[in-house]
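Just the one chain here, the form predicted on its own, laid out as structure tokens.
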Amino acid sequence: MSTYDADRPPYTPFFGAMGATAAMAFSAMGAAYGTAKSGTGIAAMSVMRPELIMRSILPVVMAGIIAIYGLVVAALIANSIDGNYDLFRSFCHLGAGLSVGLSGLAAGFAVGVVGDAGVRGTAQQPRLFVGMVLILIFAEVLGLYGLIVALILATKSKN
């Protein structure tokens, strides 16, 4: 006869898996939006100034980095789901996934909007490039904040 452990009910891994899913899905959606929105700006800008295409790829690269944040946390969570997985860790992992995922979604939106307007503006006035890079850095760091909180939550233990 099996005994029921209140700290490890059978549905416990579900919350950890949802954390890993949220980390990857939301951060990938943010990165995809940032890439698409910046890409349309690059396409529009390249008609006027094709020599600036390579310089204008920066927002697309920064949007892609946001998805890497989610991938790191999702892999960390998925690799820690085992037979000794308890509710405390599963809820911490859900919080970690939501933290990096939703902050990645917000950062991706910000990078996309800034990247689109920034590359179009840089085509007309090249001195705007430095300002665009600074604003992109501040947009990207929103995702980094989520990554830091997620790493703290994902590595938290009961003791």
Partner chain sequence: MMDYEPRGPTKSMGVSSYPVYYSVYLLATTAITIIVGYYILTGQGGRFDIGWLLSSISPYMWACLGIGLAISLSVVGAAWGILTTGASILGGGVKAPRIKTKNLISIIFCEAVAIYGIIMAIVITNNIGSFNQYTDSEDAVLKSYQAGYKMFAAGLTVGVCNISCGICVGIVGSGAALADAQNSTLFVKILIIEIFGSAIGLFGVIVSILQIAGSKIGTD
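Numbering follows the first chain given and starts at 1. Note that the structure is a prediction, hence the values are computed from the model and not measured.
Below: the form predicted in complex with the partner chain, not depicted.
Within 4.5 Å of the partner chain in the predicted complex, a heavy atom is found for all three of 3, 25 and 68. Screening 98, 106, 113, 32 for any heavy atom within 4.5 Å of the partner chain in the predicted complex leaves a single hit, 32. Contact annotation: residue 17 falls within 4.5 Å of the partner chain in the predicted complex, judged by heavy atom distances.
At least one heavy atom of residue 42 is located within 4.5 Å of the partner chain in the predicted complex.
At least one heavy atom of residue 11 is located within 4.5 Å of the partner chain in the predicted complex. Taking the partner from the other structure, the partner chain in the predicted complex has no heavy atom within 4.5 Å of any heavy atom of residue 134. The partner is not shown here, but in the predicted complex the stretch 29 to 62 reaches within 4.5 angstroms of the partner chain through a heavy atom at 29, 31, 32, 35, 36, 39, 40, 42, 43, 46, 47, 50, 53, 54, 57, 60, 61.
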